[in-house]
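One chain is shown next in structure tokens, namely the form predicted alone.
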């Protein structure tokens, strides 16, 4: 159990900046039609060079219209509240478990986006049949185990599925997609692209069987996109 009872003064600026980013990024979820009502959440790790890392996440059951930086809550990586006057998201335990066991992860996103969730309901991975998938996910989007919300079971399933995988997304069976990234923005990007490829592959299957991409081409596409594409 963490011994921190408040945000350390040395982390104040970093926490406040994370609240601004996380609040703004929540607006991307309805913008890209990845959520309905109050479902879904974005979190970001706040690195503490001198001790325990923290995470910033939205409160449980709060409308997207009411999300502001001041509404964000701060939690330990065991999921307990450090700062905020509302209960953390019901998915906080899952986010916290990922941060504890995947130190390279700086952002986590959960949505109930329609097409990705439909694949999750079938318990079927999304095959890598698009260059966009090879670019972003380095292969198929895998399926994680069925897990009940409320403890760290979902987090364990995410970590077990994505550890050692190039994919930034996992479809938790009968639940929906979770995505990870080096920060919250990259995790939101992965969520947007996960839904896009889920939709495109579903549509393709209505027309016939999608054609696979050879592994050597998947590897080459992933290497280029991750290390060459864009502005450096």
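Residue numbers count along the first chain shown, from 1. Remember, predicted model here, so these are calculated numbers, not experimental data.
From this point on, the text means the form predicted together with another copy of the chain, which you will not see here.
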Do all of 99, 161 and 168 end up near another copy of the chain in the predicted bound form, with near meaning a heavy atom within 4.5 Å?
no
With a cut-off of 4.5 Å between heavy atoms, is residue 223 one of the residues that contacts another copy of the chain in the predicted bound form?
no
With the partner left out here, check for me: in the predicted bound form, does some heavy atom of residue 9 sit within 4.5 Å of another copy of the chain?
no
Tell me, yes or no, whether residue 130 is in contact with another copy of the chain in the predicted bound form, where a contact means a heavy atom of each within 4.5 Å.
yes
Is residue 77 close to another copy of the chain in the predicted bound form, meaning a heavy atom pair under 4.5 Å apart or at it?
no
Across 179-217, which residues bring a heavy atom to within 4.5 Å of another copy of the chain in the predicted bound form?
185, 188, 189, 192, 193, 196, 199, 200, 202, 203, 204, 205, 206, 207, 208, 209, 210, 211, 212, 213, 217
